[in-house]
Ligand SMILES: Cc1cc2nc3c(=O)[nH]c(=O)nc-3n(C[C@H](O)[C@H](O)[C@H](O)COP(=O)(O)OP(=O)(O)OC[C@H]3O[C@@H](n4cnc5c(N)ncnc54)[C@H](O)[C@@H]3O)c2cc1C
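Read the single chain below, which is given as structure tokens and is the form predicted alone.
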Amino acid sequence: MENALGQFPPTAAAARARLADFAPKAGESYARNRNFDFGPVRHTRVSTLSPYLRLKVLDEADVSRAVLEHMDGDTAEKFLTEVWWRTYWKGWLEQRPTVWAHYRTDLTQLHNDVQTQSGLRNRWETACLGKTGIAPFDAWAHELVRTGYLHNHARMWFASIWIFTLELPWQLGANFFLRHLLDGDAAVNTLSWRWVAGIQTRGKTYLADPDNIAEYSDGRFADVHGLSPTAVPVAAPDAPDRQPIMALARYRPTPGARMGLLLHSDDISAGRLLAHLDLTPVTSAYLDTAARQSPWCIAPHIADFRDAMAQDVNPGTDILRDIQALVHWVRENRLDHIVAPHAPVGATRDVIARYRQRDGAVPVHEIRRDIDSAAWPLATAGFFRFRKHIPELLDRFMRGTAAPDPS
């Protein structure tokens, strides 16, 4: 079945089963074959765990632990490195949140430009609809829209063609991905597009090469013509200076207070949070912020996947679509305060910030996972400096389930 929820069943059981099936293959086979994109429904050489990691149905410790039950760290190095890249991107953006803010500002302007500039609109629509005449690009555009997923190598090729061959703004491409990817994430997606464009690592771009595409698409796309032979870095301001990661006030439960648990797409796993902090909410809800990811419509499979996962992991959880629904939920349940997993830089943080500014808003206490509190501050510079800390992170978090940091 070539659709999003057919390829990615929205259950925790499916996530665990996929991890168990892939873990024995995460060594030499993965290192040798991980760059091959064999096409839709044939992504068997990579884990395809990212939609579940995106929602924290699984986390870095879960995946690393499962793999290291079958092999040593040296054998699994390539795969473990990819798993912790996601963590690195999150930590990097946490220390530079204005990068997300600037992307959002740029996107607002580009949304207006698309409405008013027919040339830009036509080129953008042609790319989004997969009608460019560049066979691999068009195939990937169709696959993304149908399935909510693309192989990582295809994402890099696609982004490179979007930026350097079609000469479209990278922000529109990043937004196209966020509107369709099941694993679309503010940090991973935004910073990966910046990297291809030569902004993230200043001057280092990624060029989609026809021979490389032919080889690693297993010959599906041979003799591709018309691609840009060069990839000149996109002009952009320097990255902002690092700032401290958002401090969270220590949560101290108030006896007798009515507490509501608010989950969201950055962490839908209530069980771990409640177990470690001995919390008993009077009600729980899942805050859907998918529509806040873009000024354009979001693919319905994103909300369908997240809603179903939230209900599977936390049966009976209310689904809230906007701030008004959140306000109603608080009033209806007479809540004194809300406890929520920490929302990193992205759409959910933006929505929670807006709620806090409303008159009559009850306090929202965010709780960050210990694994994030430990790893994110290490993302101070490039990935390879972060990478040397992965063994110590594995040693610390392999011994048990990563707990939330209540402070």
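Here the structure is a predicted model, which means the values were calculated and not measured. Residue numbers run from 1 along the displayed sequence.
Omitted from view is the form predicted in complex with this ligand, to which the following refers.
The stretch from 66 to 74, 42 to 50, 358 to 366, 373 to 381 that comes within 4.5 Å of this ligand in the predicted complex, counting heavy atoms only, is 42 to 50. A heavy atom within 4.5 Å of this ligand in the predicted complex is found for one listed residue only; from Y216, W89, F221, W100, this is W89. Residue F79 is the only one of F137, F305, F79, F164 with a heavy atom lying within 4.5 Å of this ligand in the predicted complex. Relative to this ligand in the predicted complex, residues L110, W124 and R179 are all farther than 4.5 Å at every heavy atom. Interface membership of T283, defined by any non-hydrogen atom within 4.5 Å of this ligand in the predicted complex, is ruled out.
Although the partner is absent from this view, D266 stays clear of this ligand in the predicted complex, with no non-hydrogen atom inside 4.5 angstroms. In the predicted complex, at least one heavy atom of D183 sits within 4.5 Å of this ligand. This ligand is not shown here, but in the predicted complex it comes within 4.5 Å of a heavy atom of A159.
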